[in-house]
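Quick heads-up: it's one chain on its own, the form predicted alone, in structure tokens.
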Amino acid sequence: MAKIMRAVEMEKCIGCYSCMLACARQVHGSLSLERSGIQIFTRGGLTAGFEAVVCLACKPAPCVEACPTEAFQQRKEGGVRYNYESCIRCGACGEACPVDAIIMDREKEEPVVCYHCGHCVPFCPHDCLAMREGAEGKRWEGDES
């Protein structure tokens, strides 16, 4: 079974944004943190810690269901594949995401989402991220249906 990326130990995150930069550079070909499929945010100051906003690998994915051109395709193991040529940049995918994990890039006017490729994982100096087995049959982690 293919793996999906999870933010597993965010209490150890120091907000260095190395994972975001790795994703933007290696996956999306940019040096802009806005082109990262994973977003790191403070919970309200340095003492409150950080949280990761990343695709939950929903099955079925609401972004796939909302896409009018089938630019988003469901991955068997959860998450999505994105076809740039099919996308009309309407933003329906981002509006459908239950955790706001799809960002509309203002420069290229296209959606940016985590593909669960794992390129970000080795760049985290504190092992906050990990590749895990997909949750077969679950809409998102924690969903028992």
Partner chain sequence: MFTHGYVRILEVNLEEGKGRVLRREDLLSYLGGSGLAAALFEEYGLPQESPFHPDQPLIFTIGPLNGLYPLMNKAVLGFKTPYNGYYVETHAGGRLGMMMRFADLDALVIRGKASRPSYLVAGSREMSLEDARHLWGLDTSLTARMIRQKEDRHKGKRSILRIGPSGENMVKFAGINVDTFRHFGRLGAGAVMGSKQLKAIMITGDTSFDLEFGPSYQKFYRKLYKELVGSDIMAKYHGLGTTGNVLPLQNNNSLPSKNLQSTSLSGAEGISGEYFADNLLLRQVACAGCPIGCIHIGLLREKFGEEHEYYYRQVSYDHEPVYAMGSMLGISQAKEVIILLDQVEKYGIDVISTGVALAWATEALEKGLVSQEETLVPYKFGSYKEYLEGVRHLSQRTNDFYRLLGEGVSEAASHYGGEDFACVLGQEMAGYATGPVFFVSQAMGFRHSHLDTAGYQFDQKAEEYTPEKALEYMEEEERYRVLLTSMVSCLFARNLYTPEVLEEAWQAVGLDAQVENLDKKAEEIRRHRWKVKFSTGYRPEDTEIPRRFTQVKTLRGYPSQEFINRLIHLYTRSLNDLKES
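Fair warning: this is a prediction, and the values are worked out from it, not measured in the lab. Residue numbers count along the first chain shown, from 1.
This protein has a second form, the form predicted in complex with its partner chain, left out of what is shown; the following refers to that one.
Heavy atoms of no residue among E65, Q74 and H116 are located within 4.5 Å of its partner chain in the model of the complex. Proximity to its partner chain in the model of the complex, taken as heavy atoms within 4.5 Å, picks out 25 to 33 from the listed stretches 25 to 33, 75 to 83, 94 to 102, 54 to 62. K108 belongs to the set of residues with a heavy atom inside 4.5 Å of its partner chain in the model of the complex. Under a 4.5 angstroms non-hydrogen atom cutoff, its partner chain in the model of the complex has L21 among its neighbouring residues. Not displayed here, its partner chain is kept clear of R132 by more than 4.5 Å at the level of heavy atoms in the model of the complex. The shortest heavy atom separation between T69 and its partner chain in the model of the complex exceeds 4.5 Å. If you take 8 to 24 and check each residue for a heavy atom within 4.5 Å of its partner chain in the model of the complex, you get E11, C13, I14, G15, C16, Y17, S18, M20, L21, in sequence order.
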